[in-house]
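The chain that follows stands alone, in the form predicted on its own, written as structure tokens.
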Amino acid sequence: MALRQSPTPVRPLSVDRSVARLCEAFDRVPVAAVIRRAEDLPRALASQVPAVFFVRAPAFHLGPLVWAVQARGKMAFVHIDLIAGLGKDRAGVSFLAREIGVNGIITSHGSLVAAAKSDRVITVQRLLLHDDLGLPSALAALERARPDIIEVLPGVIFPAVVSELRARVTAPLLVGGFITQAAEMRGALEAGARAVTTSTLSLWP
């Protein structure tokens, strides 16, 4: 995944890592663009989405991609678990936080949430649910890690678990996975999601 544009984006002098400002932006535009292919990034940059989630990219391409997002006044998040060529450990987190300057890190692992917090980046912990059997242990893990934001996947399960989530955690809830129609996005928001994360370009306003 490489960004083809001129001039090459440069790292900003300061990086906004305020969860409050992100939530305020989601109140206005409750969508984060999920980027899996480089050719979709220009559409995300031109959209009104306040945040871009990179879930597939080689580590050596990340800098210009992240900086292009930040140059548009948006926040850039990187899913550290899925980035090729980057350690899924504290050193990988520090590289993203200090060398790339990401706004936030996405992960399914509580240990990486703790590492990201020490580097003062926004933490998004993914909660991937296949059925309700895994929910109690998943909630216990979230309570231990205490991420800034929780992303619930797949989106279709969110209405069934939101009450139990809200009884145990206070972090803002995002919903992703299989959100491809406007009606599905509205349903997630009406059920209590702060925003949806989606790779469906037509849902990026």
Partner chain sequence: MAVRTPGLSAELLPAVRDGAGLQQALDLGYRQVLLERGSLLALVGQLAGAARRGIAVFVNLDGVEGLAPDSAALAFVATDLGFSGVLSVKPHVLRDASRFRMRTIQRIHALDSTGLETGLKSMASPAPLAIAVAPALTLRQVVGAIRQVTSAPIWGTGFVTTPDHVREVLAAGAEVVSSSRPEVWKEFRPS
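Numbering follows the first chain given and starts at 1. Keep in mind that this is a model prediction, so the values were computed, not measured.
Missing here is the form predicted together with its partner chain; even so, the following discussion is about that form.
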#### Entry: its partner chain in the predicted bound form: contacted by all of Arg17, Val29 and Trp67, heavy atom 4.5 Å
no
### Query
Here the chain is shown alone; which of Ala84, Leu133, Ala91, Ala71 has a heavy atom within 4.5 Å of its partner chain in the predicted bound form?
Leu133
### Query
Of the options Leu41, Ile157, Ile150, Leu165, which one has a non-hydrogen atom that comes within 4.5 Å of its partner chain in the predicted bound form?
Ile157
### Task
Using a 4.5 Å heavy atom cut-off, state whether Arg56 contacts its partner chain in the predicted bound form.
yes
### Message
Check Leu128 for me: does it contact its partner chain in the predicted bound form (non-hydrogen atoms, 4.5 angstroms)?
### Response
yes
#### Entry: Ser137, heavy atom within 4.5 angstroms of its partner chain in the predicted bound form
yes
### Query
Given that the partner is absent here, does Val161 sit within 4.5 Å of its partner chain in the predicted bound form, heavy atoms only?
yes
### Query
Among 42 to 50, 171 to 179, 141 to 149, 59 to 67, which stretch has residues whose heavy atoms lie within 4.5 Å of its partner chain in the predicted bound form?
171 to 179
